[in-house]
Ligand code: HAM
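For reference, the chain that follows is the form predicted alone, supplied as structure tokens.
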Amino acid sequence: MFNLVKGTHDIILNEADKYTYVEQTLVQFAEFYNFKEFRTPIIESSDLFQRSVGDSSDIVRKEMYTFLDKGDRSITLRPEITAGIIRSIVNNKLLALGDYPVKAYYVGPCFRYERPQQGRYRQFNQFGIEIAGVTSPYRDVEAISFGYFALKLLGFENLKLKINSLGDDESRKNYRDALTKYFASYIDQMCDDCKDRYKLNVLRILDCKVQEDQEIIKNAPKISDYLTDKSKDYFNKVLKSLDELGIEYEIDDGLVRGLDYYSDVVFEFHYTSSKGLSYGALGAGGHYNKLIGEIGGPKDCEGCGLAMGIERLVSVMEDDQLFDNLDDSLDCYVMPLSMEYQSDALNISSSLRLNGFKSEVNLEGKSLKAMFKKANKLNAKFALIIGEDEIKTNSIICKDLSSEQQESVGIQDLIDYLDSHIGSDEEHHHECGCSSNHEGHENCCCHNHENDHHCCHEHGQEHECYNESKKEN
């Protein structure tokens, strides 16, 4: 036995279905916004993150998985994906054509060496979008509204959008000066991390989670008092547009985000589960004015984006039973009555899959009772039974496992039959189509007659094994 590496987890079986559902929902919604998929490497040059995320960030200082490869190059497992997306856009000269914006979405794993906790792992999965090459408050709103409505689509109702403005370069310079002056008289009594932040980037002190330091931070200057008129106008346009879209928000002066490349608008989506558990931000993002230039792109190109942690989304959705309607059922379970019909069963199941029906087939020679038990365990909608008579007549028995009605269907009509029955909300009422005498209903296949013996054939030959399956199930 080998144990999992600390901070990692297996995502398997039904849990994997939940991850797939969340990711597919976000991807499909991103495509409605005309975002295009980008897949970038998990490993990048360490310099990429040091320049983009920032040397003063906790991610670079404490959390990156960095190593020297066999060529003595410093390589890092990506702690976030935005930097890699922008590098890809620059490397592929997508901004050189001037056809802005470049709209990208991504899904993939990230790695941070941090303390594992509920909904947070050292290897985690992230979904995100980037809108690169533009400077517009309305593109920022597009990114925010995407995140807001995507979370609504997943079932989150009581969302809290926290938003703030970090201002332009002049605003941030003035604000840093004010913070430096304020914290100067307190820094000796603050934590060691804050002492380092004071030297590297004083804004990072606002991220401190130490309770004693938070009391000092409460009375620190607010960024809103240092915004230039240009930044105020930009921020007000964002807020007005959010009002017009009906998206409620809370202005949070302490929101600065943990990545150094942000400027002007930053935001987070917060949510508390029905169990009262808070997972922090479900999604977050903001505007960046120098990131593209720092990575080698045009200096005048800006952008915005957001990212969501899939683990956190899945955890909260499990808490609030938002997966209850997730359909994990199987359309068909194909059941050959003996080993000699397994090839036919495999051919039929292959045809079903190619026609869009989620199917499984028994190829292990199980008994009829065991096959019905397996079909029920897989939550199959139909059992498709193949026996000697079905091979002779080129037909198959289709049993609806919810209504327990069954009928013989020609192989050539099987796909049309399943099309008309699977996915319908109406009950499957079938008129009797057999030609046998119904007196006593001993040989009837349609199951519409009281006291029938559930035979499987149209022409009066009662099949004992099917009667037994009815008794056993």
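Numbers for residues come from their place in the sequence shown, where the first is 1. This structure is a prediction, so every number in the text was calculated from the model and none was measured.
In what follows, reference is made to the form predicted together with histidyl-adenosine monophosphate, a form of this protein that is not presented.
Engineer: Looking at Gly133, Pro336, Gly167, Gly286 here, can you tell me which has any non-hydrogen atom within 4.5 angstroms of histidyl-adenosine monophosphate in the predicted complex?
Structural biologist: Contact check passes for Gly286.
Engineer: Exactly one residue in Asp319, Asp389, Asp213, Glu114 has a non-hydrogen atom within 4.5 Å of histidyl-adenosine monophosphate in the predicted complex; which is it?
Structural biologist: Contact residue from the list: Glu114.
Engineer: Find out whether any non-hydrogen atom of Gly305 is located within 4.5 angstroms of histidyl-adenosine monophosphate in the predicted complex, and reply yes or no.
Structural biologist: Answer yes; at least one heavy atom of Gly305 falls within 4.5 Å of histidyl-adenosine monophosphate in the predicted complex.
Engineer: Report whether the minimum heavy atom distance between Lys358 and histidyl-adenosine monophosphate in the predicted complex is within 4.5 Å.
Structural biologist: Lys358 lies outside the contact set for histidyl-adenosine monophosphate.
Engineer: If we define contact as a non-hydrogen atom of the residue within 4.5 angstroms of the partner, is Leu200 a contact of histidyl-adenosine monophosphate in the predicted complex?
Structural biologist: No, no contact at 4.5 Å.
Engineer: Report whether the minimum heavy atom distance between Tyr262 and histidyl-adenosine monophosphate in the predicted complex is within 4.5 Å.
Structural biologist: Contact with histidyl-adenosine monophosphate, yes.
Engineer: Based on heavy atom distances of at most 4.5 Å to histidyl-adenosine monophosphate in the predicted complex, which listed stretch, 360-368, 119-127, 375-383, 244-252, is the contact stretch?
Structural biologist: Going by heavy atoms within 4.5 Å, the stretch is 119-127.
Engineer: Where, within 80-94, is there a heavy atom within 4.5 Å of histidyl-adenosine monophosphate in the predicted complex? Residue list please.
Structural biologist: Those in contact are Glu80, Thr82.
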